[in-house]
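Taking the form predicted on its own, here's one chain by itself in structure tokens.
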């Protein structure tokens, strides 16, 4: 199951990828129950529409119920994202009349630039990046357009985006997040305000209308940070984020500034090379990026499953040793992806130094939190 979904985590296929996909499908059970499980897993990873696209390309005989389910998910994504596109164009136009610059980021930008069809990239909400000085004016504009705060998603005043705003459009709840910083305020992430990327931003077309989004290089770096450099307590990566990166570098391999990317962040390219073992990159991309595929790491596709992602209080005492192993000895593939290390000395530094140091920092964070929240002893 995991092999099938990983291979489909991309906008476009090629001969080698489709050969491997056909082989993986031939080994997968053909009963309807198995296909229902596969499709549910694809939906969890955000690649159900991509699975549908690639299965249609190779004309694979999917059980009737499975084919209908995939088609339904695809059509739902297409309708939802077209509705979101209309909402975004209305917001960008209204903000523009007030002199407020807006950049489309995350899913709404990717589905209109990296993917061939808007249906191929699902999203929960629409993310817009705005200058901090303009953020509350933009919020007022959305309220005037009929949006209202989602009360059960209240966020602190110093958060990196405002409380989400929502509006029902053609029966669909369309959520908007107004960001003044692209990433959460966390030591794991760099600060990324609007000003960091607007001067180098590029224009993409949304239903024939030009709008601003991050440059190709910034989009690539952001997609990596958001999907694969998150703090260990965040949810494990989803194949949708693999598809974002693989699709971007494949579609724009000739336009990307590979020497500049390597100069700014060599570990980024090392990490991206790990995706080749999930879904093979075409030779043209491998030559451009000069990726290293000398040896296949063990544990390909397996995420980090140790502490602090997996809580001690939720673990049976009989499984404590397994939790310790998963915490201190994560799969080689994940380690190379997360720390951007290759084979040899760099890998062993990550294994023996960087990762234990990361765990130690989390121990200090949790210890400080426990000490701070500890109640004083009773007196008298």
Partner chain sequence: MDIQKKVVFEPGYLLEKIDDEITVYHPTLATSLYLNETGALIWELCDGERSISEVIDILVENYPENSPQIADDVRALIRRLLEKNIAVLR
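As the structure is a computational prediction, the values presented were derived from the model and not from experiment. Numbering follows the first chain given and starts at 1.
Below, we turn to the form predicted in complex with the partner chain, even though it does not appear here.
Exactly one listed residue, out of 284, 191, 155, 172, brings a non-hydrogen atom to within 4.5 Å of the partner chain in the model of the complex: 172. Though the partner chain is absent from this view, in the model of the complex it lies within 4.5 Å of a heavy atom of just one residue from 304, 277, 74, 258, which is 74. Although the partner is absent here, residue 78 is a contact residue: one of its heavy atoms lies within 4.5 angstroms of the partner chain in the model of the complex. Within 4.5 Å of some heavy atom of the partner chain in the model of the complex lies at least one heavy atom of residue 68. Not displayed here, the partner chain is approached by residue 52 to within 4.5 Å at the level of heavy atoms in the model of the complex. When the partner chain is considered in the model of the complex, residue 56 lines it closely, a heavy atom lying within 4.5 Å. With the partner chain omitted here, the record of contacts in the model of the complex names 78-86 of 199-207, 132-140, 78-86, 243-251, defined by a heavy atom within 4.5 Å.
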